[in-house]
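Coming up is one lone chain in structure tokens, specifically the form predicted alone.
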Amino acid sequence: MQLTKRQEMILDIVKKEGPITGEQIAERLNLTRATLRPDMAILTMSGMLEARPRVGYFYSGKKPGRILAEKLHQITVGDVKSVPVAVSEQCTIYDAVVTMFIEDVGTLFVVREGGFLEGLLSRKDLLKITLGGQDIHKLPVGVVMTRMPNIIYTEPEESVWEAARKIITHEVDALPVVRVVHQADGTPELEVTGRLSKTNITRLFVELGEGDL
């Protein structure tokens, strides 16, 4: 986060004299409180300054990097997930390639009736099979997809930071966002409710950088 010269001056004043009121800060800078209001809002919302009623502003001691890290731990997957793109296990390799192209995604989720996760298809999976010389118009995706329990997934309540770490650690483009549903016999099933991709995370960083979150 890039601070303006005036915001840096405000931080310096609060570090040295805090807790201090907005009126006192304005006096130190020979400005009106109305003029300072946007700067105070930015510094407070960013977490660098904290404010207490009838006490004033004081320096939190948090660095911008630490503030960003805390923000990423607070934002959940459910806040930034996108719509999943899914196919059935009987879908042909050819149709899966077309779906991936039309939807402009790098990962397809394979689900059965009810939206329950059965498998996952990556660009690499489809590229390997299409270069293998087989009839992709007849071959179902079930023969090449990654199956459970070898699929890395995330849940809506998980932090974006933790989900991003999974993407990096396992070197995948996207994670299915799932909800655990227990069947009548108690068997847990994973219902696909969304997708978290590298694009979702990149968009989040852009919005954080622009101050939209």
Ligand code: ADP
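Worth saying up front: this structure is predicted, and the values here are computed from it rather than measured. Numbering starts at 1 and runs along the sequence shown.
Below, we refer to the form predicted in complex with the ligand, which is not included among the displayed structures.
Participant: Work out which of L36, A164, I151, I42 lies within 4.5 Å of the ligand in the predicted complex, going by heavy atoms.
Facilitator: Partner contact (heavy atom, 4.5 Å) among the options: I151.
Participant: Which residue among R123, H73, R112, H137 has a heavy atom within 4.5 angstroms of the ligand in the predicted complex?
Facilitator: The residue in contact is R123.
Participant: So in the predicted complex, does any heavy atom of E155 sit within 4.5 Å of the ligand?
Facilitator: Answer no; every heavy atom of E155 is more than 4.5 Å from the ligand in the predicted complex.
Participant: Are any of the heavy atoms in D185 no more than 4.5 Å from a heavy atom of the ligand in the predicted complex?
Facilitator: No, D185 is distant from the partner.
Participant: Using a 4.5 Å heavy atom cut-off, state whether T146 contacts the ligand in the predicted complex.
Facilitator: Result yes; T146 sits at the interface with the ligand in the predicted complex.
Participant: Does E50 reach the ligand in the predicted complex if we count a contact as any heavy atom within 4.5 Å?
Facilitator: Contact with the ligand, no.
Participant: For the chain shown here without its partner, which stretch in 155-163, 169-177, 53-61, 23-31 has non-hydrogen atoms within 4.5 angstroms of the ligand in the predicted complex?
Facilitator: Checking each option against the 4.5 Å cut-off leaves 169-177.
Participant: Since the partner is left out here, which residues of 6-32 would have a heavy atom within 4.5 Å of the ligand in the predicted complex?
Facilitator: The stretch 6-32, when checked against the ligand in the predicted complex, contributes no residue at the 4.5 Å heavy-atom cut-off.
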